[in-house]
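A single chain, nothing else alongside it, follows as structure tokens in the form predicted alone.
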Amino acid sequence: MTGPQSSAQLDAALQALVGRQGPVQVAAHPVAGDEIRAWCGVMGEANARFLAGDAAPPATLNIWTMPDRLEGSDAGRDDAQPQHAAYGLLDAAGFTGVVATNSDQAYERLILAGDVLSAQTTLAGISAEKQTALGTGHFVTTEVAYTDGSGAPVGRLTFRIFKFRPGTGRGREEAPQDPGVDDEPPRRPRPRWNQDQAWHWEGLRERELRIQRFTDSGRLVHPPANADPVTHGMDHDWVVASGRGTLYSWTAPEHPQVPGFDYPLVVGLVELEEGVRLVSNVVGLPSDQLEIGMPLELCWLDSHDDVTLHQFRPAQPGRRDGTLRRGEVAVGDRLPPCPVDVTRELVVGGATATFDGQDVHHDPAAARAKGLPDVIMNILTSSGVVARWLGDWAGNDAEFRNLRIGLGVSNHPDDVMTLTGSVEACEGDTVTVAFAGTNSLGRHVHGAADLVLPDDGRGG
């Protein structure tokens, strides 16, 4: 039995809703410039058109008719909407957990400040019960058509969520624990140093990469030495490195594997912009995407209570000046990798900026009650961050035709997601970019987007 009814009865009730179209839902408020700018601030969007608040980034398509922005206090939770009727049946049957899994947006035109958007939803499909890593549950797919105040189409969305029973995921059963066994993961070997190098390690604890400088010659040396290798002078101080550098060389040792290290492990020789080279782990990118000379930036690893180590990751790419042109792009071109710090502020701020009141995005206790270890980034924020990165690469005048997103593992606070992508197709003035975003748990997001670029004869 599934709750008060059998699985067969539940499936029959759910399938009876498939194909139904709900009544049109109208936003209670026009799209506002300050709301556009708030979204841009959270996502890091720097396109001047959007920062002015006159037009909204395409990835905001479905935020303007979120439940809290609809006419009527209960307009977004009305069982006249077939998807909400389905959610109610699933909740009653114990499938109270929910995560978004797919979002396919297609755009007809830019959303403008002052637009009052409407949405009409069709329940496109409900899967049979599935077993996933999160738990047993059902995938629910909806199709939404968005129009403006005159009824003209603005865009379409195909959206899929997974409703699951908390606590039924694969591998959630805990094996009996031997009380004599220490289950703390192994730590890295503790670095050894003496009082002559203490200044370097104290700097790392303070998030400073200090490089030794001999005062008679001004020569920078790393690792710290007792004397200048040329003048033999011993008086020294230090400079704090900017943290910017390039990858000079690297290797990926496989054997023997040392406890406390995560494999695959990349050991890089990093050339700092100060001219000094140092050995450090390179994180956030698989070895097959590393390139000699690629820009890197400093990041940190707290390996012990009082030991902090330097690491390097792909440098945050800057925004393109002007706009990429079609003739400048070829199939196989790689986009610059982009690390995204998944802070609690980004997770919660993203939910707020997208008018998403689901408690799993802002309430850790509620998230745990629904089978999650902590709050999770919502798919609207994932879409926004991806779209911002793609826009940074393409430039201000590139036009999005669509954005297709699939989610895998969750983005939780205190992690880093690295976005990577490449040009998959070029047809006429349209470029298709395939992308993925990976965090410490695996692949969080994957998908593709079609962008229209100006040809070689147009301004940008």
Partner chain sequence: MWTPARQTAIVGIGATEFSKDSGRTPMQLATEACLAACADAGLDPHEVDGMSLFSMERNFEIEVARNLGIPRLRFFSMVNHGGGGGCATVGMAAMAVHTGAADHVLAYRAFNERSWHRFGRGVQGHHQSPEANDVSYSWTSPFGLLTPAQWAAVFATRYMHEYGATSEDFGRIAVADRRHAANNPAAFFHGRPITLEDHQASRMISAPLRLLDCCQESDGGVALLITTADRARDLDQPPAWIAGAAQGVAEDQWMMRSYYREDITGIPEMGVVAEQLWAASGVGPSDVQAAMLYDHFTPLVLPQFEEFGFCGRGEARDFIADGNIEVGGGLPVNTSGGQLGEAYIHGMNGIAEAVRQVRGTSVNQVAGTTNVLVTSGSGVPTSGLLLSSEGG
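Every value quoted in this text rests on a predicted model; they were computed, and no experiment measured them. Numbering follows the first chain given and starts at 1.
Separately, the form predicted together with the partner chain exists; it is not shown, and the next lines address it.
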**Asked** If you check V279, M234, A133, A152 against the partner chain in the predicted bound form, which one has a heavy atom within 4.5 Å?
**Response** V279
**Message:** So the partner chain isn't shown here. In the predicted bound form, which residue out of P317, P253, G125, G167 has a non-hydrogen atom within 4.5 Å of it?
**Reply:** P253
**Complete:** Only one of 318-326, 107-115, 141-149, 217-225 sits within 4.5 Å of the partner chain in the predicted bound form by heavy atom distance, namely 217-225
**Request:** Consider G349 of the chain shown here, and say whether it contacts the partner chain in the predicted bound form, taking contact as heavy atoms within 4.5 Å.
**Result:** no
**Message:** Can you tell me whether I292 touches the partner chain? I mean in the predicted bound form, with a 4.5 angstroms heavy atom cut-off.
**Reply:** yes
**Asked** Does the partner chain get within 4.5 angstroms of any non-hydrogen atom of R190 in the predicted bound form?
**Response** yes
**Request:** Check whether T101 has any heavy atom within 4.5 Å of a heavy atom of the partner chain in the predicted bound form, and answer yes or no.
**Result:** no
**Request:** Would you confirm whether the three residues F355, L390 and N396 all fall within 4.5 Å of the partner chain in the predicted bound form, going by non-hydrogen atoms?
**Result:** no
**Item:** Partner contacts in the predicted bound form for 193-207 (non-hydrogen atom within 4.5 angstroms of the partner chain)
**Value:** W193, N194, Q197, H200, W201
